[in-house]
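The chain below stands alone, shown as structure tokens; this is the form predicted alone.
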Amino acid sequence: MSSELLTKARAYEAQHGDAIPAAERPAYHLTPYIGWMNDPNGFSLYKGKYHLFYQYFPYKTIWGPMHWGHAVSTDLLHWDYLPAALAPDAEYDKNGCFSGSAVEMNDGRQLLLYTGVRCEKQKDGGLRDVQTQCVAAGDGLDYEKYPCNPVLNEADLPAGFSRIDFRDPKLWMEPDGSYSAVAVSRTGDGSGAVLLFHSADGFDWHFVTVLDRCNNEYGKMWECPDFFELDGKQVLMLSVQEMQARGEMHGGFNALYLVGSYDPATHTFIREDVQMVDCGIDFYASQTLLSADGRRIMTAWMQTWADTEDKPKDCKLFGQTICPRELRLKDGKLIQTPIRELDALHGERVLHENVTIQQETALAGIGGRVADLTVWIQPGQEPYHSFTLKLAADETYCTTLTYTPYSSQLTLDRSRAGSRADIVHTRSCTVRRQDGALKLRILLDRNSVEVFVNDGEQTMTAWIYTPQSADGITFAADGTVQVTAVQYALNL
């Protein structure tokens, strides 16, 4: 049943969403229909179609009382907007419908499990958000909130865990038709932990165990957990607040994956390794699904909280998701590649083979702001000290990728991509291959750059707001390199 708040949101988006010209949206990355987007939610298959919900404030391009936006796709690249799915219209979620997940139920309905937020006055007079877990079920278009919400609250938490920070349930169906979910909560030491819950029917939930704890080792509060089997190992994926830089892991807001083993009989997860998901600037709040053909596919918010105020003036929408990625493990490390559906959109092909590059060079037909470009770099006859690839470039603007073979450092720099804000504009990673050769697959889509290093061993992601007229791509080396470049136009 649609509430007054949900009806208002749907009417607003119907009036204003279609008015945004297609050219103001990315060509193949999902944005909000209108207004603000942050975490992707409910990434799922339902009745043969992909559904993606997202935290949403339709009325302005700022974070506000969270609704759930909704879109549907058959290929994860072309999205049709559906009316908003949830609004903060109940006592238990009146201050926001926060992140959650979705699954197709045995009875044919789609179940949404999400965090409801209500603001509560504390004994010291301050106001804090109390977070509980809630469910709604529907037909893929309209959803009815469960009359007995919330289904998980502070009474379901172990002693010492926080009802203030208790959120982001990730739901899946077990082989026996029951349901499990992971969610996060802050522990007594001030840092996060991942908790496992179970339900026979999707509505009556109970606590099972604590799967893993931060112990103030990797950031403070953990968010947006995901827990899945991949290539014989178990992966626990997390977004992390207040991370201190350590090794290759950058500070601030980060996205990590923990690889280990899992015993479903005892619900014991044993952590073996911790790595970053993405080495770039803008990647957070990842969520995965299992496709009908068995692929583990990931989406994420192409943003970080530190730079949400840096947006185009008078923009009508803000926020986007990454191009969905297929995941696998190789030698215990995550491999990410663009979904294969993107290859089906390849149009005109431009190829340059074994071009000797030294001074800055443009290659005929290589350029543009919507493209799928792959570049192979091999050392030339003379040693090279650095290689630089300029993207979205003209005389004023550019975003660069610079590789220094002696340190194996690859640096993404968008400091000349139109921003006027004092925020992070560069990030580097150490490429695992160390023979001077490098392969980069680069997805360009109007306001974004996604880089896949050496067939997805590492990735680097960033938004850019360079004017669309800045569409040049050039190659340069300090020394000489041999470059092969192939670019596909995308038939969108």
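Note that residue numbering begins at 1 and tracks the sequence as displayed. Treat the numbers as computed from the prediction; the structure is a model and nothing was measured.
Keep in mind the form predicted together with beta-D-fructofuranose is missing from the figure; the text below concerns it.
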Phe98 within 4.5 Å of beta-D-fructofuranose in the predicted complex, heavy atoms: yes
Non-hydrogen atom contact Asn38 with beta-D-fructofuranose in the predicted complex at 4.5 angstroms: yes
Decide whether Arg414 counts as a contact residue for beta-D-fructofuranose in the predicted complex under a heavy atom distance cut-off of 4.5 Å. no
Heavy atoms within 4.5 Å of beta-D-fructofuranose in the predicted complex: does Thr461 have any? no
Looking in the predicted complex, is beta-D-fructofuranose within 4.5 angstroms of a heavy atom from every one of Met66, Asp168 and Trp305? yes
Note: beta-D-fructofuranose not shown here; in the predicted complex, the stretch from 405 to 413, 160 to 168, 85 to 93, 227 to 235 having heavy atoms within 4.5 Å of it is 160 to 168
Assert contact residue (beta-D-fructofuranose, in the predicted complex, non-hydrogen atom within 4.5 Å, options Asp212, Asp278, Glu223, Asp372) equals Glu223
Of Phe269, Tyr284, Tyr179, Phe387, which one comes within 4.5 Å of beta-D-fructofuranose in the predicted complex, counting heavy atoms only? Tyr284
Give, in sequence order, every residue of 42 to 59 that has a heavy atom within 4.5 Å of beta-D-fructofuranose in the predicted complex, or say none if there are no such residues. Gln55
